[in-house]
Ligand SMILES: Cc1cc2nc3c(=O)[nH]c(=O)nc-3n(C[C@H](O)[C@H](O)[C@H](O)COP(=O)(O)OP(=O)(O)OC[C@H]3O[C@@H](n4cnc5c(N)ncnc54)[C@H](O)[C@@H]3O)c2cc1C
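Single chain ahead, by itself, as structure tokens, in the form predicted on its own.
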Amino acid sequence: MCILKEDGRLLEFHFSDEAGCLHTFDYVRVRDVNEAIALLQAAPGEVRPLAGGTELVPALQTGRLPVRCVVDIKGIAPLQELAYRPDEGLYLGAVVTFDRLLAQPEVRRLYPLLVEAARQIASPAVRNRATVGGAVCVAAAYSDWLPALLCQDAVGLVMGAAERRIPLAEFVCGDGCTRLAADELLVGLWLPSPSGAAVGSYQKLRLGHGSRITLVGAAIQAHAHDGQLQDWRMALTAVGPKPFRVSAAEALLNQENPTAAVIAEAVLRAQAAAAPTDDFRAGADYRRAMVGVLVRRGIETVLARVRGAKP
């Protein structure tokens, strides 16, 4: 139930959770970044920004996230920006949806790994609402989105009392944990221009058909220069407290031609970097074994795509 107040931007919502407890909070729709930040600063930790709402709304409905106020930031024009400039790179406003990202021709042409990963996020209905910035701030240890961004050297643009640029590898500090302060807002993501023709592959193993949960994921990317692959990138998800780059495997692939022996060693380095744990979904040993399968498959897929063979 909601009660409309004042000028139509402020509403009061009442949610009853599964236990029947009533939770009340205000909803404010803003059109300006400064207005949103002012609200966040007025009650740090008790105000939550709303973008797509695919994670926030269920948390509010179940009472897992009690808040005083929800600030709807979807209408802020700078946060809706999606632009590519060859001399600067790709800018993704925080509230750009995955569907909109997938429809952008320059993204499909220049950042194929982003596209492949985004297509595997949840369902079409969720991708129509979920936002690129929201998925970063959720910071799930099993995220399909973060590994692809890590392979692009993505940087988060943050606004609060001061403006900050934070490399994504530092922005996410654990499962559900970021460097974002309670009175700060992630306004966008910046990705440098690719150094050559990017070729990528995102491989994942999920819990079951239709499941959102990724058991293991591996993002692999390289850049083609005159038929040669350079600047290999590799990132894993769901095998540690957060998605991460595998620098040891990248260094090997960047030093050697990817022969069968080199690929086998890269697989071993990726498995050594993984730190999975046992849980009710899968065991650590199984996850580590699947890291090897997916990394090998990803490297071989990248090689096949460069050669023009069917991946």
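Heads up: residue numbers just count along the shown sequence, starting at 1. Since the structure is predicted, the reported quantities are computational estimates derived from the model, not experimental observations.
Below: the form predicted in complex with the ligand, not depicted.
The three marked residues, Leu82, Ala154 and Gly200, fail to reach the ligand in the model of the complex, with no heavy atom of any inside 4.5 Å. Not displayed here, the ligand is kept clear of Leu110 by more than 4.5 Å at the level of heavy atoms in the model of the complex. Although the partner is absent here, Leu189 lies well away from the ligand in the model of the complex, with no heavy atom inside 4.5 Å. Remark: Ala51 counts among the residues lining the ligand in the model of the complex, judged by a heavy atom distance of 4.5 Å or less. Contact annotation: Glu55 falls within 4.5 Å of the ligand in the model of the complex, judged by heavy atom distances.
You can rule out all but one of 161 to 169, 220 to 228, 102 to 110, 132 to 140: in the model of the complex, only 132 to 140 has residues with a heavy atom within 4.5 Å of the ligand. Proximity to the ligand in the model of the complex, defined as a heavy atom within 4.5 Å, singles out one entry of Leu185, Val115, Leu90, Leu215, which is Leu185.
Looking at 81 to 103, the residues that come within 4.5 Å of the ligand in the model of the complex, counting any heavy atom, are Ala94, Phe98.
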